[in-house]
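What follows is a single chain, given as structure tokens, in the form predicted alone.
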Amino acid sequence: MKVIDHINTSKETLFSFEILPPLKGKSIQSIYDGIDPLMEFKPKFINVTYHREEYVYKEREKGLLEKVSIRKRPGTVGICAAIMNKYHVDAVPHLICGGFSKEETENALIDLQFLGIDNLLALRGDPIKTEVSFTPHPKGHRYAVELIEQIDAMNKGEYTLDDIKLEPTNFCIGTAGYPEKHFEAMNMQTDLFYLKQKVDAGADYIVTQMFFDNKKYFEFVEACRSVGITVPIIPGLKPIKNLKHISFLPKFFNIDLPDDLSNELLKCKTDMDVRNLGVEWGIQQSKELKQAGVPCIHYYTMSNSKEVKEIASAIF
């Protein structure tokens, strides 16, 4: 079932969450261990992120350089198929621009269709550590809107393999939105302009970057509606878990923490203090969002479900 159909047929706020593929060497059981505690809340869909393989170049004989993989996570498509088979819940793989040609993207989409996976989240993706800024594949997409256009074209039966006739796909396309502006956008208005382009290109719904101030989300939704974006906007939440997060999350995700939260965090002395505050803050955020009638609350678990389970227990 498509994410948009889950939203349109539900009379209450849905619960969903996102997981990371395990690092190379870990089994699928590590995925199940993160999902099992959250199944009691009846998630309608589970997102699975995609992380590009990262490389370093090591010098070999005669000054030649060898490309060596240093970080790789198992395939998102396979994990999604395993989740759907085990839990009978819709899985939403992340599809990114970085590292893929248009032909490789098309092949991945054909594989998804064969597996019965009809939802996906289309993203540009972040630069890898060896890149100063995002660098697209020479034969790939530079922006998420181009990826969405390719998916939408396949939904209409238009393939790059124009010498053969293939059935149209039927993907429900999600895209990302940023209540506090994407860090590369000049301002919020230009960010909304590009977001509307993605929706006009075929995105069915929006999932937001994490935020800790609900006012930012409500203002973002209002701003989206003012420029003609009418698709559902799903808030994304993540509980703060440790002292490191206090500086890491604002820096890495380009977000601000509200004064009420930051004042309390300044009083925290241990990781457990931060963790307990993060859970309580997540509960209060979730209660307000649910009371406001948001279509779904999406939690970023980072494959650690303990804190999200505590929050969901108080909300769903």
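If you're wondering where the values come from, they're calculated on a predicted model, not measured in any experiment. All residue numbers refer to positions in the sequence shown, first residue = 1.
Below: the form predicted in complex with a small molecule, not depicted.
Per the 4.5 Å heavy atom criterion, the small molecule in the predicted complex is contacted by stretch 141-149, the sole one of 223-231, 141-149, 241-249, 102-110.
The three residues 184, 197 and 208 all sit with a heavy atom within 4.5 Å of the small molecule in the predicted complex. Using a 4.5 angstroms limit between non-hydrogen atoms, residue 96 touches the small molecule in the predicted complex. Heavy atoms of residue 178 reach within 4.5 Å of the small molecule in the predicted complex, making it an interface residue.
When contacts are judged by a 4.5 Å heavy atom cut-off, residue 50 counts as touching the small molecule in the predicted complex. The small molecule is not drawn, but in the predicted complex it has a heavy atom within 4.5 Å of residue 123.
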